[in-house]
Every structure is written in C-alpha cells, then in structure tokens.
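Just the one chain here, the form predicted alone, laid out as structure tokens.
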Amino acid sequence: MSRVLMGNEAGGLRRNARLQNGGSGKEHRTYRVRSKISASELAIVYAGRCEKQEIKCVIKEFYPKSLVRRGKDGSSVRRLSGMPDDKYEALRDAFINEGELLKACEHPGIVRCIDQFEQNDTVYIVMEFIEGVTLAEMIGGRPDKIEPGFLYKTMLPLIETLEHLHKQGIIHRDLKPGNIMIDRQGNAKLLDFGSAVRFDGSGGHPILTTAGYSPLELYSEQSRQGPVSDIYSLAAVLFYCCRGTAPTDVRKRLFDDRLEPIHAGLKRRWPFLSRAIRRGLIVAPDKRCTSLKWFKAAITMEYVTSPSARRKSRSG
C-alpha cells in the first residue's frame, strides 16, 4: 500500500474522483481518489485521501470485472445483462462481509477499516494507508535476507494477530506474503479479508485460493474449515521466509506428502522452525499441527540460540 503499482486503467475511477459516505448517522466524510494501486477479479484498490481529516487512505471498490462495466458517467458500476444475479449477490455480500469483519476484529496487527458505504451502485471499503512493503516485496525470493531476529520481531507478533482472529471466531483463509505488509518500523499488518469468514458454519462466502499457500480443504466449499486452515498457510509463509519460495502446492502432494527440506542448499538450517513448518504443512487437516504455540516456540528458540542474540546477551 506504500506505492502505486499502476496508473488508471479501463474500468477504474478517474483521478480526483470524489466519494462520499452519505452520513447515515455517522460522521460525514468525503474521499478523493488519487491513483490506482491494484486490481483483481473482484475489486479495484486506490490510494486516496480523506478531505476532512487530510490523511492518506486506501479505498477498495467492489468491481467484479467479469460481471460489470463502468457507466458512461465514469463512476457508476453497471451489471452486464444476462449475468446471474445469485453469483453477483454472493460476491457483493462477501465484499460487505470483509468490511464488517475488519471492524469486528480490530487489532494493531490488522489493517484498520475506517469507513464502509455504498455509492455509484457499488460498495466501498476505506482502510488505513500503510507506509511499507509487502513481505513478498521485502524478501523478493532471497531467503538470505531473513534473520532469526526478523522472525522474532515481526513474524511472532503476526502469529499473535492470528491468535486474536481465531479467538474472535474468524479465519483469514488467504494468508500469503502478498497479504502481509511490513511497515517502516518493521511491524507486520495483515491485509485483505475478502476470503475471511467466521468458522462457526455461518460463512459460505467464495474462496480465493493461492497455489502453495492454500490448504487442501479450501479447494472444496463442502470441506470443514477452521483455524487449522490458517495454520497451513502460516507454515507456508514461514517456509517462504526461510527458502524464498512457496512450498510445493498441496494438490501435488495428495499421494506423496513430501517436501523439499527447508535448509536444502542454504547456509542456515532452521532446526526448530523446520519441524514446526513440516507439521503445519501436512496435507490431511486431521493430522496437521493444530496450535500456533508450536510456531511461537520455534521462532523463539531460533532467536535465542542465534549468534546475534548470544552477542546481545553477553554485551548486556
């Protein structure tokens, strides 16, 4: 969220387009679109500014591009004729659900939802603007950049953020390096709750899977999902931190659940964390590690036994 990835493209709002939350019993705010950050199959994300508070923000617009087109006025969103209403409404409900879940699970480790409103025949979510880079951008496929101190300072709090989510009865279902922002102070912020649901069975929202990071149960909406699903994705993210690549996709390990050793070809071996990661990446959910405490303990052990921590202990 710290940089502009692309300029305005066909379908996006024009630069300086104004959006208003309409009041409706809450503080009236006007937002101005500055530039486009990214676009997906379901939404367009803009860098924006709240005019009254004079602060940067991120504006996410519901725009399922295969189902809609921008109106001639350059702002309204029109459904294409002949498109099934049930599919559109399911995606729209999931988008609204994202904003509601962000408000329900407010936490320092989760991007903050500032506002949510309807305009232009669509829905907008306004979130805080985070100065920083994603974990994927920071590592860039280079595991040599990651030290135990980084995992201890940055990823350990992220695991505690996941614990907070799970205590609220929510699973993220899309944990991956591109959805983790590292701010200028080195703090991790969890982004993109578009696939998040409550795991009490009241979900039913569409799932967006990512090769290498999604567990087997997310490839079927009939399967049982819970915190153990996020644990798989967390293990995959930590695998990426250690190796600079995603683990072999779960669908390729259905009949031979083997992974390349995390330390293969690398100088650092990660003796404690590699065990936790292997347990978290087990294909079968009922055999997978079920507690985040194992990852917290492994990261702590990697840190306290590292040369840098020992040097600090001696100097202290």
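In this text, residue numbers run from 1 along the sequence as written. Given the structure is predicted, the values throughout are model-derived calculations rather than measurements.
There is also a form predicted together with a small molecule; it is not shown, and the following applies to it.
For the three marked residues, 43, 58 and 128, a heavy atom of each sits within 4.5 Å of the small molecule in the predicted complex.
Exactly one of the stretches 232-240, 86-94, 219-227, 172-180 approaches the small molecule in the predicted complex with heavy atoms within 4.5 Å, and it is 172-180. Heavy atoms of residue 191 reach within 4.5 Å of the small molecule in the predicted complex, making it an interface residue. With a 4.5 Å cutoff on heavy atoms, residue 38 counts as touching the small molecule in the predicted complex. Residue 111 belongs to the set of residues with a heavy atom inside 4.5 Å of the small molecule in the predicted complex. Taking non-hydrogen atoms only, residue 161 never approaches the small molecule to within 4.5 angstroms in the predicted complex.
Only one of 209, 154, 134, 75 lies close to the small molecule in the predicted complex, with a heavy atom inside 4.5 Å, and it is 134.
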